[in-house]
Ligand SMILES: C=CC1=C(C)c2cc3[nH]c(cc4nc(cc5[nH]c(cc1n2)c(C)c5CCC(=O)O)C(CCC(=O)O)=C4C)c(C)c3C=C
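For reference, the chain that follows is the form predicted alone, supplied as structure tokens.
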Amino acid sequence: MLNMGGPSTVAETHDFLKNLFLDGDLIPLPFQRFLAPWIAKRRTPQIEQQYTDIGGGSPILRYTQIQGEGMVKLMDELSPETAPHKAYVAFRYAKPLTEETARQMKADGVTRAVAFTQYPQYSCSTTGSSLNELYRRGKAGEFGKDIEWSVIDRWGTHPGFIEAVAQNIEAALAKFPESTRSETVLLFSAHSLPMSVVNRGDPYVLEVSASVSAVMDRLGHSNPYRLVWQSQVGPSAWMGMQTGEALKGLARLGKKQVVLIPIAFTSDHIETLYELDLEYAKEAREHGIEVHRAASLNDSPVFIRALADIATAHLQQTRKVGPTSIQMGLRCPGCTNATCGAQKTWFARGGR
């Protein structure tokens, strides 16, 4: 289960930031090896305070473990011919890092594995970075020899995922008076991308848009809605508009009720618990808007069942076409990373 991860304790914040700023797939920097530790050191006190404000660390590892345990329990029932199943967590910037997970899988003698990205929508900077790291560790033999791999790299319109999101939106809408509920604006918020990444053809924006469209279809287009973007960093151009600016715009239009919806995150972490719940919710109230956030998927049984369905269908499909084994580094259109974006094919047998 591949994800960005987050520091489980405040003390881990600096290492998390250093790993993040050292990743050229996510944040390309000049003289990265020297500049990244300096930026991490400067930002650590501020980010440590934010993690303190949300309870002393990110809960993403705990929720990913809950999701993984629930998923494999269902998979043992859904697909006994491929059982037993075991979920491993491999974070890109926080413990357990990919290298730690590789050692555990090697010690367990794993011979068949699925790289299951926990980013519902694909981006070279997130999914691509995690797959690149997996490729490097695999090529170095850290997972052991002759391990057969396959990849689940995007699932942003899977019916189970859409249902889980829609149910949480309906629960948030129920907090508003029935007489004005249909006037509530649904504000879907996703982590933004630099326009330099968008302009080179990264599919993330389109895939997030597809998720929003599927959710609104499921809700019967019951409410006005917008797709907005959060977490912009630095002075360069990023995908917009930003969530905070959208809230100000809605206030100017006289909108009084908003549901904030994390559409590209599957577990609570700093972007939901601090940015959405504390920063944006406070801004909304200051502009006279009543705001409620749709809960993250976390331990949602509907979502856990969706993960099990996705993984089971994938295993059934790969059994029909034969095992996959050779990790191949292929280049995707518009991307400078050798393995990023190879998506379904860089693990495919013989690179076909």
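Residue indices: 1-based, along the sequence shown. Remember, it's a predicted structure, so these values are computed and weren't measured experimentally.
What follows is about the form predicted together with the ligand, which we do not show.
- The stretch from 62-70, 305-313, 291-299, 43-51 that comes within 4.5 Å of the ligand in the predicted bound form, counting heavy atoms only, is 43-51.
- For the chain shown alone, residue 4 is a contact residue for the ligand in the predicted bound form, at least one non-hydrogen atom being within 4.5 angstroms.
- The ligand in the predicted bound form comes within 4.5 Å of no heavy atom belonging to residue 10.
- Interface membership of residue 96, defined by any non-hydrogen atom within 4.5 Å of the ligand in the predicted bound form, is ruled out.
- Among residues of the shown chain, residue 117 is not one whose heavy atoms approach the ligand to within 4.5 Å in the predicted bound form.
- Comment: the ligand is not present in this chain, but in the predicted bound form one of 149, 176, 225, 265 has a heavy atom within 4.5 Å of it, namely 265.
- Residue-level contacts in the predicted bound form: of 107, 253, 140, 233, one residue has a heavy atom within 4.5 Å of the ligand, and it is 233.
- Contact annotation for the candidate site: 26, 193 and 197 all lie close to the ligand in the predicted bound form (heavy atom within 4.5 Å).
- Residues of 12-30 placing a heavy atom within 4.5 Å of the ligand in the predicted bound form, in sequence order: 16, 17, 20, 21, 26, 27.
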